[in-house]
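Take a look at this single chain in structure tokens; it is the form predicted alone.
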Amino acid sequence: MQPIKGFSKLSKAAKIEWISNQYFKDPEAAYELLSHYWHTDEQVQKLHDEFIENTLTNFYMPYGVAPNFLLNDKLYTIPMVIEESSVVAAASKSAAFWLNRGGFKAEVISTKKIGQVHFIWNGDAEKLAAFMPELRKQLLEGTADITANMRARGGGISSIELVNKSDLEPGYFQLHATFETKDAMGANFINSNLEEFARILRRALATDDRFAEAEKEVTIVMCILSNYTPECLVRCEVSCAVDQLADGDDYTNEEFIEKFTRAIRIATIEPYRATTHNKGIMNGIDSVVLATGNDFRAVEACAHSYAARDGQYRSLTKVSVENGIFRFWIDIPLAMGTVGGLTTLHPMVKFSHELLGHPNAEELMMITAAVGLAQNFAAVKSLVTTGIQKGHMKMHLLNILNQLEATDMEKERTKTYFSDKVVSFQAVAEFLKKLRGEPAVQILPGKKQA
């Protein structure tokens, strides 16, 4: 295998030809597979091709919806893009459970986002701190053209502070700025301002007579927004009287409360459990972030950093029972946008925003938090009552049947057979063998019988 030069400059057809010939035993089959996932509309496919570099085809993900979400007295059907079994079902089940118990209540606490200019400067720190009021004025004036449109919408630069971390890294300082980007996620806006900050900082230090010659030199390390946005925060909660919780299940209200609250306490004190606990929350959140064309990697990174903000990784959700009222809530930072990026380009993203009634950024933050909370409620409820595998494996049954190439008739008969049994790959494979009149053999997941 030899490296290739100029791959990015090849046409899509040439890229596919090289990939197919270099890596696949059957190049024609590889090409056929890739072309199978192209959009039939050439213009739509061209649009997708231009989202990223070196595009060969599209990678499909299931697009589902969770209906009956009552949030702040408004009913939503929420789009979810995810491949994991039972996530949409769990969110939908939670939505239905809370529909007649007041629904979800949410509020956006703050929408501030962060950007930093990291720089090295070996001068008098007190002198630089004293210069900050004047420098701040120059920074705001020097970026006025960049911020004009955002300021017209009520956003812009909220604050600029000097941070001295030279005790941790020699000469290390920051210009730490907060931004309000309204309905945009705002990454490009923030980064453009930060790069202009760096130019203004260099010029200001080089030309001001208060600084000695040795203090006029500044090394810009980087100018970049932070995906840790603890002040871009949304709170979502559900609550009801404790006697409304059991809902005809095989446990009392008191038993459920004891089991549920203990599970949340464990996720608060045990990082191993908290990681999986919060992963379940992100199952719901990421699916909405993807469906609405936002950056799920940024949202994930921020959420997990926020979960460890006091030095230990903890549950993002909390629970209380006071005066006969059960209350379950989440505080989570969600930097999301409803304009810019893919929101006006990707056809399914546009569909999602229309499905949600064209929410602004704050409303989308609340919608997304509600799905995360719903997902967590369903997961913890299952864990402390019936167990997670019973529901999950029944949802996974169809994936197993597809992997074993079951017919529609075989799928129906298998579903009926396993309606009161534990689902496993081996058990399903053995049942299909009997159904087909074939001798039973051990089949491992991911393997097909020869």
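So that there is no doubt, residue numbering starts at 1 and follows the sequence shown. This one's a predicted model, so the numbers in the text were calculated from it and none came from an experiment.
Another form, the form predicted in complex with a small molecule, is not on view; read the next lines as being about it.
Here the chain stands alone, but in the predicted complex its contact with the small molecule, taken as any heavy atom within 4.5 Å, falls in 270-278 among 360-368, 270-278, 214-222, 67-75. Shown alone here, E134 lies farther than 4.5 Å from the small molecule in the predicted complex, counting heavy atoms only. Taking non-hydrogen atoms only, N283 approaches the small molecule to within 4.5 angstroms in the predicted complex. Contact annotation for D124: none of its heavy atoms lies within 4.5 Å of the small molecule in the predicted complex. Using a 4.5 angstroms threshold between heavy atoms, L383 counts as touching the small molecule in the predicted complex. Screening M185, C232, M80, A379 for any heavy atom within 4.5 Å of the small molecule in the predicted complex leaves a single hit, A379.
Interface residue among D243, E84, E169, E255, judged by heavy atoms within 4.5 Å of the small molecule in the predicted complex: E84.
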